[in-house]
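In the form predicted alone, a lone chain appears below as structure tokens.
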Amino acid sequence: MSDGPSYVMPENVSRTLGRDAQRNNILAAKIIADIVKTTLGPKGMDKMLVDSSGNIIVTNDGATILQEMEIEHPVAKMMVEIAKTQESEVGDGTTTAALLAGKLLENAEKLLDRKIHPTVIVKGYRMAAEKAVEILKSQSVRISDESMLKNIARTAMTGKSAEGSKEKLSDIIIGAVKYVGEGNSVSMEDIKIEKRKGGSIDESELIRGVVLDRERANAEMPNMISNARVLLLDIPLEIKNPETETRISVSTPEQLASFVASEEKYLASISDKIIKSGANVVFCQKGIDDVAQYYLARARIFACRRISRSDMEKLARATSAKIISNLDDLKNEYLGSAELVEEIRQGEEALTYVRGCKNPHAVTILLRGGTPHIIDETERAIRDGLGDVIAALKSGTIVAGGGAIEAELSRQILGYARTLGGREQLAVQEFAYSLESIPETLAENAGLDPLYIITELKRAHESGKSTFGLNLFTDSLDNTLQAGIVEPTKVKLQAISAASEAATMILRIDDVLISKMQKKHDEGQYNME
């Protein structure tokens, strides 16, 4: 046997072991949490993100910030996944989830320094998370009226650039949710958000129907149809191109004229079927030939072409029309209805409005604003509000906001920790202290003294005021449930669940192997070992 060194892994693989790996991972998570920390709450600050092309995003939405950032560290990418999961599941609470995960790992580091094994910490965190879910459910309040839903929407939008118009926007959100369904049937897919530059946020409106970023196919068509009978087609109103290369041999002018005439005859026949159906508005997913446009325009039919599949589905839900794939199957009952279909042009841009649908299961929120950045941030605020309201409707319960529920969870989990034995008790205590980071950050971002606020908040909760939290409109402690500062229980459940799961996964990692790109100089190629 040779006494020389044995190489198991290639040279381009870097390895971090044991405590160093844990410290490195925890540091990455803390950095991500610190990035979004200042955006939390109604007085949080905004971030400006500039990509390599010079595109600018100004936002305080945690999910947008983390998704748009270019991140290399694998644990930091896991933190971004928390935000994505939170956003996809409930539509809000991403900053809370990321901040809580970072704090759980920061507090776990203190226990690691005291020689407490990661598996003990993981067990304690899991016990605390289960207890937190139990307490959350017991502290939840049933939604009794529409005003509670409006409070949820207002709370979600507070602190965004759209805050000045939150009354108007919260009415739009509640109206949209009421139209598209009740309870568990409500879906974000049924609510379209269309953006247009110009005007103010207060000019945004809810359309009981669908707004399309399309104009009529032909200028000779009417630009407005009342009592619309809507036909939806996913077939082309044009001559199909052959799938393989095809040659047509024409030797005389008569043959050419006959060929052109046969094409026109076909287009006239399909146009005639549409005209006889009684439809006066046609939305086509594919193209519409110039000849078909002529016949439809002559029959005073409004037609739009190249409508996206998602918009076609929304039109079907809004107008109660069926999407037709064969004109021979066309029946009168397959047509939808709307009070008004019209094209409205502003400058060079045109929008088609399908308004006044009787029982719409799809609606459109038309957002306006002075600049693209304002409109985009308003859209993010609307999506947060919609996500919160839909989550509240699905769970049927809410909790007090302003850090009140986190303060109560912390108090009760600390009491639970005192009933435990062994080292898991210490992990449960650190979980409870981590929850205090939410009201602490809210106070810090509002320019208040975090230490004083946390002390007073603890005193209030110890005296039985379980719904007391930070009312940052008055910069004081208040009964936030009565003040209308509320959040859906589902958002908090998901945030605590996602944060604790991510923290426990990261804590269990004690060896990090990273393969780096290696350049083969002699071949001028890259190779990943």
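The structure displayed is predicted, hence computed values, not measured ones. Residue numbers here begin at 1 and follow the sequence given.
Missing here is the form predicted together with a small molecule; even so, the following discussion is about that form.
J.: I need the one stretch from 27-35, 49-57, 464-472, 497-505 whose residues put non-hydrogen atoms within 4.5 angstroms of the small molecule in the predicted bound form.
T.: Answer to the contact question: 464-472.
J.: Within a 4.5 Å heavy atom cut-off, is T155 in contact with the small molecule in the predicted bound form?
T.: Answer yes; at least one heavy atom of T155 falls within 4.5 Å of the small molecule in the predicted bound form.
J.: Looking at the partner-bound form in the predicted bound form, is T94 within 4.5 Å of the small molecule by any heavy atom?
T.: Although the small molecule is absent here, T94 would touch it in the predicted bound form, with heavy atoms inside 4.5 Å.
J.: Contact between K160 and the small molecule in the predicted bound form at 4.5 Å, heavy atoms?
T.: Yes - in the predicted bound form, heavy atoms of K160 and the small molecule come within 4.5 Å of each other.
J.: Taking the small molecule as it sits in the predicted bound form, is K490 in contact with it (heavy atom to heavy atom, 4.5 Å or less)?
T.: Contact with the small molecule, no.
J.: Considering non-hydrogen atoms and a 4.5 Å limit, which listed residue (A108, I382, I438, A279) is close to the small molecule in the predicted bound form?
T.: It is I438.
J.: Name the residue from I274, L442, L457, I390 that puts a heavy atom within 4.5 Å of the small molecule in the predicted bound form.
T.: Checked against the cut-off, the match is L442.
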